[in-house]
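The chain below stands alone and is given as structure tokens, in the form predicted on its own.
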């Protein structure tokens, strides 16, 4: 950069001198010689300063190089020292391992037959710990599994106290399996908070409090089942809980030690089972309710009508409140003595009563026939949904197919449940209607016979 400046100054000076010579031509030669010397002096001074600066820079580079070389030498010495220490430690470790192996061999030699005995004790402690940890009995005696786990996992010789604890816990577990006891303990409430409760335990099988059953979870705490068993099972728990004195009380046990009670939570209620039928299931429910109401109404009214007709048979005075009375009134209102005319009047009166007796029965019969068809429709829809789920997600997860299968089976069951009582109600109501009609025809035939013989009923 400085050389460029010098060249520029020289060029400017030359141009200036030339212009001065070219423009004026009258300046003196002495003044032109002084100006060129000054320029030359400035160039030389600038060159000297640049050279001095380059030498100083070179000195700084050399000094930094020497410092980095010294740092590199120091780091290499440190690495060599660390490698030497590592080699020494590896040797110490090998010596320690050899010493440990010698001590293990010496320990095994000194233990002799006791080593096998202690191994069996550790195995028994591990098995008993797993059993105790999942047992309801531990809600009454918490913390036993800690002692057993220490014995099962120790690498030292078991102490006398540890062996004694193993024996005592084993005897205690066997003894408590045959007892029914009531005690206070801490359980987990519905809100996840611990609370004090008085519970009754039947061996390791079930525990309950206030006719509500509890389960023993992995954290070692009892908690109430979110969904309790049926009333009969809860009643058995209440009887056992309130039992006093001698004798025995029947109770309910879970031989799977809680597995069956855990499945109670997953068992759907009647409403949940009905909801699995989907829209078709709800339609079947509506059909069932309508059919049952209509069938019961017809059965009850026809039974009452049959009673009123039988009562009318025993009375001479006709009443408008029953079909037979109305038929008898029709005969009384007939003034003709012609037998054929009287018979036609009575047939006409009976034909007027028959539609009232049989009204609604065909609808009950139709509903009884439609219900299983709706169940079949729900079955087909459920299987279509199942195959669609298999197409989309495969058969790896049975839970995906469970919804469609449940819909198919539940609608089938609902259709049959609807059809059976509707058919029975139709049969009972139709039988009552037929009996009333038969009485009307029999009484009409008697009236006609008496009229033909010359007398009125």
Partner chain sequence: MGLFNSGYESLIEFLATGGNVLVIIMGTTFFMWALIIERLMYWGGAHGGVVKRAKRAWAARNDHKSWYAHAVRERLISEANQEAQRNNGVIRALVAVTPLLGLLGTVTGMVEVFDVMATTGSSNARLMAAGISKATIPTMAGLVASLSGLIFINAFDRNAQKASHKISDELLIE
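Rigid core (definition): largest C-alpha set, two forms, superposition within 1.5 Å. Residue numbers count along the first chain shown, from 1. Treat the numbers as computed from the prediction; the structure is a model and nothing was measured.
One more form of this protein, predicted together with the partner chain, exists but is not displayed; see below.
Q: Determine whether any heavy atom of residue 302 comes within 4.5 Å of a heavy atom of the partner chain in the predicted bound form, and answer yes or no.
A: Heavy-atom contact with the partner chain at 4.5 Å: absent for residue 302.
Q: Would you check, heavy atoms only and a 4.5 Å threshold, whether residue 266 touches the partner chain in the predicted bound form?
A: Judged by the heavy-atom cut-off of 4.5 Å, residue 266 is in contact with the partner chain in the predicted bound form.
Q: If you check in the predicted bound form, is residue 423 within 4.5 Å of the partner chain, heavy atoms only?
A: Judged by the heavy-atom cut-off of 4.5 Å, residue 423 is in contact with the partner chain in the predicted bound form.
Q: Heavy atoms within 4.5 Å of the partner chain in the predicted bound form: does residue 400 have any?
A: Flag for residue 400 set to no.
Q: Of 42, 427, 36, 390, which residue is found within 4.5 angstroms of the partner chain in the predicted bound form when only non-hydrogen atoms are counted?
A: In short, 427.
Q: Just one of 369, 283, 124, 343 has a heavy atom within 4.5 angstroms of the partner chain in the predicted bound form, so which one?
A: Of 369, 283, 124, 343, the residue with a heavy atom within 4.5 Å of the partner chain in the predicted bound form is 343.
Q: Among the candidate stretches 132 to 140, 335 to 343, 247 to 255, 206 to 214, which one is within 4.5 Å of the partner chain in the predicted bound form when only heavy atoms are counted?
A: Result for this chain: 335 to 343.
Q: Need the contact residues for 396 to 416: heavy atom within 4.5 Å of the partner chain in the predicted bound form, sequence order, or none if there are none.
A: Result: 399, 405, 409, 412, 413, 416.
Q: At a 2 Å cut-off on C-alpha positions, does residue 433 qualify as shifted between this form and the one not shown after fitting the rigid core?
A: It does not, since the residue 433 C-alpha is displaced less than 2 Å between this form and the one not shown after the core fit.
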